[in-house]
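Before any questions on binding or motion, here is one chain by itself as structure tokens, the form predicted alone.
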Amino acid sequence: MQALLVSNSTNHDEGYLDHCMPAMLELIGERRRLAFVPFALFDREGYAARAADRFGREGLEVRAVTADTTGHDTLRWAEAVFVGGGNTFRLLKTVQEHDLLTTLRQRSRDGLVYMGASAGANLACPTIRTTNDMPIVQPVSFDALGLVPFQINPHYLNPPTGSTHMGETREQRLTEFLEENPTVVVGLREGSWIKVAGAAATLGGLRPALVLKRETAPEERSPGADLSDLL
């Protein structure tokens, strides 16, 4: 299984996917057929057009996955898939309702290159329980693709120095998750991604990631670090 799980699709002062496109193209290799999953945003048509334009500039043929039987055909046609960011609950609900989750899981395990940003990265995990999104819709369950055995928290942030905000920090929220679930969580900061190739995983980008495990202290992993122990 090959995957690129990206924290965010756009960096400050950069264009859509510019920061991670070199890593995407390296993973895609000679493959030219890309399926795009637009369900995390309400305007699916506009989202698909944006993705088609961006990947088209790299010489890829892009087809949008639709919420019907044609969507399954598109996933079978594709050599790679990119699942766009947005609201994770809306994304999961849609792929569940149309049984696209099953097709996407099977195709990814059969060799389809899986790429996802933010909500798309959440979808690759065992569940979506570590998303930052509001549950604007109710999926059948929180169970996701399970392509990797760990959870991701995209857009991970440390509390700003000197903040007087009294709410829970992101780390405290994830610690609550670990109180109820044994699954490892990776806090993936902006501009970072995890590359998975078979039994190997590597942290890409320019920022460290925070690895959280039950009953152990959180551990910072530097860019380029081997994350294969999490698989």
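These numbers were taken from a predicted model, which means no experiment stands behind them. Residues carry their position along the shown sequence, with the first being 1.
Below, we turn to the form predicted in complex with a further copy of the same chain, even though it does not appear here.
- a further copy of the same chain in the predicted bound form is not approached by residue 61, whose heavy atoms all lie more than 4.5 angstroms from it.
- Mapping the unseen interface onto this chain, residue 103 falls outside it, with no heavy atom inside 4.5 Å of a further copy of the same chain in the predicted bound form.
- A residue is said to contact a partner when one of its heavy atoms sits within 4.5 Å of a partner heavy atom; residue 74 fails this definition for a further copy of the same chain in the predicted bound form, lying far away.
- At a distance threshold of 4.5 angstroms between non-hydrogen atoms, residue 87 is in contact with a further copy of the same chain in the predicted bound form.
- For the three marked residues, 192, 194 and 226, no heavy atom of any sits within 4.5 Å of a further copy of the same chain in the predicted bound form.
- Listed residues 68, 53, 45, 179 were compared with a further copy of the same chain in the predicted bound form; 179 is the one with a heavy atom within 4.5 Å.
- Using a 4.5 Å cut-off on any heavy atom, the residues of 123 to 140 that reach a further copy of the same chain in the predicted bound form are, in sequence order, 128, 129, 130, 131, 132, 133, 134, 135, 136, 137, 138, 139, 140.
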